[in-house]
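As structure tokens, one chain now follows by itself in the form predicted alone.
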Amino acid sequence: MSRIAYVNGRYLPHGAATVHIEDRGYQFSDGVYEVIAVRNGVLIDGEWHMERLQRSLSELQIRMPMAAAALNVVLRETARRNRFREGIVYLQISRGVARRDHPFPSPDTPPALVVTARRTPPMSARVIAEGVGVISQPDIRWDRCDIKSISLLPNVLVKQAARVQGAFEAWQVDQDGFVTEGASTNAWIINSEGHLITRPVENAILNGITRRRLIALARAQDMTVEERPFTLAEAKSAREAFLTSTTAFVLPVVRIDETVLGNGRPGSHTMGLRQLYMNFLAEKTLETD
């Protein structure tokens, strides 16, 4: 079956889905995006994604292409037309099409909207059972990582470095030696007291939706969550570590650079947190049956 995309008001087969060569997303990375998990037609934490999208647009002074309710209809319809039970919806909004010039175009320029959807296979049971490795890389990104901008070249470079070294992810480290986040994930450690530690929401990281949900779930279970910076050295001496994202959910980290954490196997706390999140996904799906 041909995949279907939504482009500026039309549902089109992928082969016919195009944008103008002077779209400012293409020319300047002048836009934002969201990736939303879909299970059985349900947009997981869709309201939080929409909230973050509107914030990112506001920070860049780009207007919404349509009302939030209408955009939600487009997202669900794009997922429906692609006929999968488990996958993602990707949406991208640029400032629109205009003659190439650095200043903003006319305020009348309509934002450009693209939505795609695709099936994603479940994470390998072996990967979950064995855990993954990450490498450390200098954080060379701009100072507004809280905006979910489509300008991702630094993330691409560190993710490629991880792939070349046989790692799943790269954890970026700022000039003071503190871990910020992964190329496409949020970073977590668990200390000897069983406390969950992750960097606080600030300009240096994106407030991941899975991160936000896991914090809420953990605190509802009376777990201690510390939102504070942690160094690479602290991460390497941690009891456990893991990462979170829309596609990986909660994934154990068992090696950072050449340092093996604990006994080199996913820890019980991390696996418990993953199950907690998977239970949440199952409950969200059941609510709509």
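Just so we're clear, the structure is a prediction, and the values are computed from it rather than from any experiment. Residue numbers here begin at 1 and follow the sequence given.
We do not show the form predicted together with a small molecule, though everything after this point is about it.
Though the small molecule is not shown, can you say which of Thr78, Thr198, Thr185, Ser136 has a heavy atom within 4.5 Å of it in the predicted complex? So the residue touching the small molecule in the predicted complex, by this definition, is Thr185.
Exactly one of Thr247, Gln54, Ser29, Gln61 has a non-hydrogen atom within 4.5 Å of the small molecule in the predicted complex; which residue is it? By the 4.5 Å criterion, the partner-contacting residue is Thr247.
Per-stretch contact check against the small molecule in the predicted complex, the hit in 93-101, 214-222, 67-75, 141-149 (non-hydrogen atom, 4.5 angstroms): That would be stretch 141-149.
Please determine whether Leu43 contacts the small molecule in the predicted complex, using a 4.5 Å cut-off between heavy atoms. So Leu43 does not count as contacting the small molecule.
Does the 4.5 Å heavy atom contact test between Leu206 and the small molecule in the predicted complex come out positive? Yes, contact at 4.5 Å.
Spell out, yes or no, whether the shortest heavy atom distance between Met50 and the small molecule in the predicted complex is within 4.5 Å. No, no contact at 4.5 Å.
Within 4.5 Å, heavy atoms only: does Asn155 come near the small molecule in the predicted complex? It does: once the small molecule is placed as it appears in the predicted complex, Asn155 has a heavy atom within 4.5 Å of it.
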